[in-house]
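Given next, in structure tokens, is a single chain: the form predicted alone.
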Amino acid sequence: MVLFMAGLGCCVLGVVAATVISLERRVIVVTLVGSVGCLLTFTAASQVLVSGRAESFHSSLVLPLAGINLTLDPLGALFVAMTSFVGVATLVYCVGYARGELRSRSALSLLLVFLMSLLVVPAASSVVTLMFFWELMALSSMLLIMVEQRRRVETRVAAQWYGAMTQLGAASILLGLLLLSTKGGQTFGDIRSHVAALSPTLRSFAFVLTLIGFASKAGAVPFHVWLPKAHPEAPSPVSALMSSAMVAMGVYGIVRVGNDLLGGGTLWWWIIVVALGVVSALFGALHAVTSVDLKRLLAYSTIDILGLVLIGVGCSGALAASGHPRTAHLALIGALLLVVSHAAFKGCLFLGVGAIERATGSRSLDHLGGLIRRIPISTALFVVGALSIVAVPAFSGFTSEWLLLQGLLHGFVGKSSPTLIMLLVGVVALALTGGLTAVAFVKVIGIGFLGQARSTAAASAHEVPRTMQIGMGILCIPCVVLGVAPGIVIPLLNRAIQTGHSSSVSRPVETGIGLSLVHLRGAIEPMLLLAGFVVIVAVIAGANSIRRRPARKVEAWRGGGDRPTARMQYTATSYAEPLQRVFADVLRPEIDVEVTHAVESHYYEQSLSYESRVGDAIERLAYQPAIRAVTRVGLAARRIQNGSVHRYLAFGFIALLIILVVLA
């Protein structure tokens, strides 16, 4: 625990350094100190994961009355190690990225405070400690979203949505944890020892409350509305931390409360979790396909991937409740491996979008194109993240989704009809969202990086600073390592699951060069897949090199005309239009067509503009009416505030009478 506390101390030291060091050296010093802190916490978490022994810390000097309680067990250490790794990459990236408002004292201080709170949340072992650092995480991230509020009105709107949703979620978590601590103390150890004395109704109510709060942080539908608003407005390093580490805290909270504190629970709890996951996966994938803004696309893909994680967590809980601990263990391994993989490839992709925006000044796919020739290094790093998220073999997304699928498929041996239906729906959602995610990122690579530039800015793009490339490259490492040699982390995931799972079973996966399921049918050899792919590419390249006649090059779509222009290419809008038509009842797109006629005759068209916007149906149908209703109530309540002292005294007297009646 000494290394962990030393790492947190480095973060505090970095906050102090950000407030006193001059502008010229501020970014370098802050990122260096913060990176050292992340490396120390990563080392501490790795030691706990390898040894399996939890370490604790308590101090009454930090928080009044209750004090601070920290316990770094294997489950929390997994999320600490993941956050530390992403934190190092993000801070290195910030050296080349930071400019303008992000270089200010307040912004750099908030960045380290946000990172420190992300590291402490998985280690918190009491209600007070968890909620304090949960609120610190929410407040610091909200202020970081508002870094560029002076230039964009949308930034303030996004921060308001984020602040409102995160506070509602925090209130739900706090109420649920307080219900669990009614029979004893507020530490997690006390809750575990007294939870059996609670009634089943109270335990279920507490789980639903905490599920709502943690699911809102994970961006699960219908609590997701803040996510596609906040990510496009936040600086790219902040978006990377939010999408890779912060949303994972929602998954951590569900596993910690459901599996650890409550000991597993009943079947219908996990059916709700699976339902949230299925809706989130499909909803996020559909919106990712139709999004043109790169950050908005990645935000919806976060909802998609976290939906798959919730499917794995929910199916694991349901299988355990149905008496199938081995397949439950396997499904949870796949879900947690997908969380770790998501942190790597989504962090890489968000940092890549920051590089694209720095190079071109735009995030719109319709204004990009041809970037593979202008920024080849950034393109290659971005493609690694894209290959991981679409689950291409030999990359991390494929291995994690394969394990998750195996857990779902082997669960069909059960006899419970609700469980079988839930597993079937989960498999269908996994397959459908996998295809939609592939379509979305084929659009990104094909339109954003290939072809010809669609704007002057894209045609004159330049490579970003080396530190930004290094930051992206750091996150590419686990994308490849976890895909080629997943056996490195499987034993660590087993230890983490044994901490947060009610039943202790032997590990369901044997590790070696590949993965093999124990007592189940299934095996995979990622290295052999990679070797086969390399051999095929080498054979094709060799065959092309020994051809006697050189290939004749012709321009596509030439038809006797000049060289094809960017106007002859697909745009992101036109690429997604067929799917948008198929799912029009769900997406409800808004289409505007503006026709300008020639001056000489109304029958001839001079120009035509087409615009398609896909809004959030849940926001439009659920949140906007609720906001209008609350606004009407607030305006009506203003009539009570007429400035009369007599009326205010009467209100106080009535409130006092009500209190006396209740207490009597």
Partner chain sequence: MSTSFYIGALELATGAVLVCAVMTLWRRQVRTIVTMLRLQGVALACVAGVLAWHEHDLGLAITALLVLAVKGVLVPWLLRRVIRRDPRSRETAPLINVPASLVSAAFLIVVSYVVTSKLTALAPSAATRLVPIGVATVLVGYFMLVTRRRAVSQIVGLLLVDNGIALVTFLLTAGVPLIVELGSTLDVLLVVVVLQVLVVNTGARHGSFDLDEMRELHD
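Think of the rigid core as the biggest set of C-alphas that the two forms share within 1.5 Å after superposition. As the structure is a computational prediction, the values presented were derived from the model and not from experiment. Residue numbers count along the first chain shown, from 1.
The form predicted in complex with the partner chain is left out here; the points below concern that form.
The partner is not drawn, yet in the model of the complex one stretch among 59 to 67, 591 to 599, 635 to 643, 42 to 50 has residues with heavy atoms inside 4.5 Å of the partner chain: 635 to 643.
Within 4.5 Å of any heavy atom of the partner chain in the model of the complex lies no heavy atom of V2. Among heavy atoms of V16, none comes within 4.5 Å of the partner chain in the model of the complex. When contacts are judged by a 4.5 Å heavy atom cut-off, L656 counts as touching the partner chain in the model of the complex. Although the partner is absent here, V20 lies well away from the partner chain in the model of the complex, with no heavy atom inside 4.5 Å. In the core-superposed comparison between this form and the one not shown, T19 has its Cα shifted by less than 2 Å.
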